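Just the one chain here, the form predicted on its own, laid out as structure tokens.
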Amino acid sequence: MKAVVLEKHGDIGSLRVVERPIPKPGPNEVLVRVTASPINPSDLAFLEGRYGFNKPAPVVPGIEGSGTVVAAGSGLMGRYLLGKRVACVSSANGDGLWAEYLLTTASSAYPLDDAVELEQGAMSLANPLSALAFMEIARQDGHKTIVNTAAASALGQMLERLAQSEGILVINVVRRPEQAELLKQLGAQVVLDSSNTDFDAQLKEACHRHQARLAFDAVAGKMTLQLLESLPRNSKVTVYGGLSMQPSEVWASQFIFEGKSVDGFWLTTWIPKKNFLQSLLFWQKAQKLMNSSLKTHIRARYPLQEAQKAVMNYQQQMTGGKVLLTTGE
């Protein structure tokens, strides 16, 4: 099989296509004939060696994708999945999806509804499930307004659409005027551009006027501090990304005197907190919305042989649609 291999973390130029033997599934494993895999911010973090699990190079990247289960090892789940179209994630210790075949655990493959095409299925885990998780977190704590940074991203657009359907207001934070316009076209009521000179004042005014006490932060760095300074007392910032590639900034006084807090969100550790029935219902809900609120626009497709070019394309423009690596299946 053909596979994209990263020879050295932090060096995109070390990506190359090699021929490898097709792996064989062991107990509770499945072999997926890969159709497509998107490039996400988490993939960029993995390439840099900054993700939640750091697999030693050389390694095949690609955290999520889709395909068809063509072989299964022993175990009921694997046999159930055999022949099914699935969305899947790479295992913590194995190679990723930027290859013609993926070997992963049966529990890391999720059957797709017939109405969901494989390309959409390739993008049905990281962003859609995170957006649904944010809405669930907001509802559980009774929030009527939330703040979200990097709001023009695929995840941010999903969150805005979900929030509109559930009567929750999103204070969307973007970096450029064209991103603000994109969200306004989706019907977003509050969009703030962090490049404006009076952004801090605008953010604080919006947070207090709408009583926002929960913010989801994909940027980190100075943005975390700006959010904490703008939110009312007894508020929380949940950091789910590090696009700034800088440590989150905070003041101790915000914790001590204002009752504010910062925590983190990682879908990989959030999902397992659900029991089997809750996880099943959560996935079914995502599938029903995959062609509407959770649909992702695709702006470019590249074959595996052009993985390096695809990554550079995505780095240069991370909004406006996803970049997919495809195998031709």
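Just so it is clear, the structure is predicted and the values come from calculations on it, not from any experiment. The first residue of the shown sequence is 1; numbering continues from there.
Another form, the form predicted in complex with another copy of the chain, is not on view; read the next lines as being about it.
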With a 4.5 Å heavy atom cut-off, would you call residue 134 a contact of another copy of the chain in the predicted bound form? no
Would residue 252 sit within 4.5 Å of another copy of the chain in the predicted bound form, counting heavy atoms only? yes
So, in the predicted bound form, is residue 164 in contact with another copy of the chain at a 4.5 angstroms heavy atom limit? no
At the 4.5 Å heavy atom threshold, is residue 282 in contact with another copy of the chain in the predicted bound form? no
Taking 4.5 angstroms as the heavy atom distance cut-off, pick the stretch from 136 to 144, 119 to 127, 244 to 252, 190 to 198 that is near another copy of the chain in the predicted bound form. 244 to 252
Though another copy of the chain is not shown, can you say which of 44, 31, 289, 262 has a heavy atom within 4.5 Å of it in the predicted bound form? 262
Answer key: of 52, 58, 27, 303, within 4.5 Å of another copy of the chain in the predicted bound form (heavy atoms) is 52
Could you run down 199 to 222 and flag each residue that has a heavy atom within 4.5 Å of another copy of the chain in the predicted bound form? 220
